Structures are given as structure tokens and as C-alpha cells.
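Have a look below at one chain only, the form predicted on its own, in C-alpha cells format.
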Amino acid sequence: MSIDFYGELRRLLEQIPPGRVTTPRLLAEALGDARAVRAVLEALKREEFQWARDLVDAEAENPYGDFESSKPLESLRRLQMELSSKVVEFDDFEEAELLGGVDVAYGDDMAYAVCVVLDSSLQVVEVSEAVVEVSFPYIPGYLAFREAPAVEEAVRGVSALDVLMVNGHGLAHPRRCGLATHVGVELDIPTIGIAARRLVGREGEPKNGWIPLIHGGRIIGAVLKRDGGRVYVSIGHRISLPTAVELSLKTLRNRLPEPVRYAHRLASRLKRRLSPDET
């Protein structure tokens, strides 16, 4: 499930009466989440919304806000809660010999995704690519609705993997449903969330070479220190946190675990090869 964010925004803008204006915040709230303000502002810079720019003023007095809307972002949050309720937080696989990594690069409205599979010696054995048009911007907490279609297509293109590392959070998410969880539950495969930045939570006391990430009274992930930086690891689906940490440490050679690092590099290369921006 996803939504055409730009189509939903257009329908709201078309409701503004002649002579009236609205604010980015009221548009974001009509879409279902005030945190979408930045996405609204970015959308208004697009050529397709040139006609509507004079209808939006952040400092407007008596702005129009009586929108008829299904608040689609609320529906996406409900889906996240549903997916989160299905997460398996123990090791539900026989071995972890083939480790996958997946990442996405962007150019205009296209997503360039690569899934790479590494063997136990961290040698690449298979690569799958996917190029998908996107109609959903980046909104904090909703990354999966932007990236999951491309990620899932790339993952379906590989013949086999045991565990997939996703460049994004798993349970270390406000609704316990980051990209790694979303993809893991939808594809029913073991996944680990690997992220370079924290979305929620605080660090606890170090233990066994890692730092617990705590939110809402529970451990939602682990923080690994490497080369002066931090890597945030969390359960995606069908794996335990100790195993997710173990596999991440085992494959951590640089800033990110090798499966994700390879996927990131290859996704950037795919974008350079195919994106009109790069020619």
C-alpha cells in the first residue's frame, strides 16, 4: 500500500476558494501529519505545482483550512502498526551463509535500487537491480512508502539469500516499523535494519561490545561504534537482536556492514549509469 502524495496534495490545493490562501502546515495536517510540512514545501517547488504557489503562504492571516480529506498519512500509520504487530523477534532461519544488502539512490522521480548477496567470505555472488518511479517524498517516519517498492523489486530479483540487511531502520522507529521491518514482513524474509542516523531512542549502558538503544521503556536496537561514528542496528523481521548485532559486527569493515556498503556503492553507480541527471 502507498499513496500518490502529489496527487493528494493537488486535490487539496484545488479546494482552496478564489481569493483565499492556506499554509503549508494546514496542508500537511490535511494530509494526516504535520511532519509533512517540509515535503509540502518541497512539492510546491515542482513544475507541476507552479500554478499553486501563490495559494500557499506560511504567514497568511485567516488561512483556509476547511479541507475535505481522507488524511492518507493516517492510513499509512495504521498500516505500519499492523505490520509491526506481525514482527517475529527471534531467529527464524537455519543459517546465515548468504547475506543480502539493499540500498536505493535517487534521481528526479526515479529510485535506483540494488540488492547484493555476499557469501560467508564476503565475496559478491549475485546482484539484482531495479528502477522504479516514485510518487512519495521523504517524510520522517514514512521512508518505507518511498523506498519499499524499489527495494522489494530488487530483492525479488536475487535467487537466494538467508538474511537481508536493509539501509534503514527496523524496530528502531516511532511505530516500530521502519523500512527493514516493512520489507521483511511484506516479503516474509529475515531482515536487519542498518542506519547511520538515529530516528528515536536514547543510548543505555554499554554491554558485550554494543550500546542498547532504548525507547518507550524497551530496547529497540543496538548502537555500534566504528571509526568515530555510529551504526544503528535493529530487528527487521524473523531475527533476534543479538544475532542482528553479531552479523553486523562480523561484517563491519568500514562505516557500514559490507552487504549494505556494497549495495550503497552499486546503487550510486546504477544511478550514474541510468539517470538523465548524471549524463
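When you see a residue number, it is the position in the sequence shown, counting from 1. Worth saying up front: this structure is predicted, and the values here are computed from it rather than measured.
We do not show the form predicted in complex with the DNA, though everything after this point is about it.
Screening 115-123, 88-96, 144-152, 204-212 for residues having heavy atoms within 4.5 Å of the DNA in the predicted bound form returns a single hit, 144-152.
Residues E8, R11 and F67 are none of them found to lie within 4.5 Å of the DNA in the predicted bound form, as judged by heavy atom distances.
Although the partner is absent from this view, I192 stays clear of the DNA in the predicted bound form, with no non-hydrogen atom inside 4.5 angstroms. Within this chain, G168 lines the site of the DNA in the predicted bound form, having a heavy atom no more than 4.5 Å away. The DNA in the predicted bound form comes within 4.5 Å of a heavy atom belonging to A196. Contact check for L73: no non-hydrogen atom falls within 4.5 Å of the DNA in the predicted bound form. Residues R35, R38 are the members of 21-41 with a non-hydrogen atom no more than 4.5 angstroms from the DNA in the predicted bound form.
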